[in-house]
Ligand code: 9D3
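Before any questions on how it binds or moves, here is one chain, the form predicted on its own, in structure tokens.
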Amino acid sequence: MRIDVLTLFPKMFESPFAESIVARARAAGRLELVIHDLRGWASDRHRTVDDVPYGGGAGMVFTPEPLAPAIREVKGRDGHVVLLSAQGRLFDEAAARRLASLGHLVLVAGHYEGVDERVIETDVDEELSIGDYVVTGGELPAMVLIDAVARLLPGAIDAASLQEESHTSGLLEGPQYTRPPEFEGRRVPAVLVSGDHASIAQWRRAESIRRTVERRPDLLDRADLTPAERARLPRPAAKAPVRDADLIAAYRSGVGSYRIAARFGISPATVRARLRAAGVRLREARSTQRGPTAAEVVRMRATGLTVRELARHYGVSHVTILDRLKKARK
């Protein structure tokens, strides 16, 4: 794999990747990592890369030049361009595995108040965020992404080490123990020293599920569980009912039924039915296409996203995504 990084601070990447797994992957020729100073594409003597935003506001914004020419030159014919941004889709293990299957990544380390939207529309394939918080720039998120992807490359680490890790099957990894067998009066669970490998595997699976239920119940919907395991999960807490007043207020503010449905976790048909029942006169259906174009859906589908992941990404129903894919095949 080749990973190119466009950044304002190339020296930040020197130390983190001089050690450990990423360094070994580079030395073995499994990963080619190239860091580019974005200012190298600036044409003025001050090497300017940003400007004040139109409409006013605090901060600065990356300008289309030199960013767009830099992306196009580094991307070549096969690069997949990722902008590290607080507004991006959450980067997770599934995204790491999807990106690790590609041959060439171009990472753009965002900065300041963001990037001119025209560059995102024409030259960025996807935006990713490492969490729902803000850091000072895209360099640290880019490093996190590189590390998560590099360790998945064939031969980077022992393949067996990847099989039972947290998030590999949608579950957290269970507790681990090592010598001594007793520490400060607390003993290692007896099953782990029993030599019964079937019982050990069963215990680890149960502990993995238990820990996920306790710490990250939000992962359970997508976890790889058998029907019997899922049947034994505790019942989720009941969701607060959606009030008609909230639906009406959202609709009258101009928001469409699809976005309201996504916001409250109900179907668009339910939203419209409840609005009618409440005496709200519904607006005429839009004549223009709703949501992404067929070309946009096909491009993102090619990166490995599922239909439902695409629906969440674009804020539309999975039926809309299927419709766009069908149109693209005609």
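Computed from a prediction, not measured in an experiment: that's the story for all the values here. The first residue of the shown sequence is 1; numbering continues from there.
Although not depicted, the form predicted together with the named molecule is the subject of the following passage.
In the model of the complex, the named molecule lies farther than 4.5 Å from every heavy atom of W203.
Contact check for E113: a heavy atom falls within 4.5 Å of the named molecule in the model of the complex. In the model of the complex, S129 approaches the named molecule with a heavy atom inside 4.5 Å. Taking the partner from elsewhere, S85 is found to have a heavy atom lying within 4.5 Å of the named molecule in the model of the complex. Listed residues V193, V135, A159, A249 were compared with the named molecule in the model of the complex; V135 is the one with a heavy atom within 4.5 Å. Of the candidate stretches 136-144, 250-258, 175-183, 98-106, only 136-144 has residues whose heavy atoms lie within 4.5 Å of the named molecule in the model of the complex.
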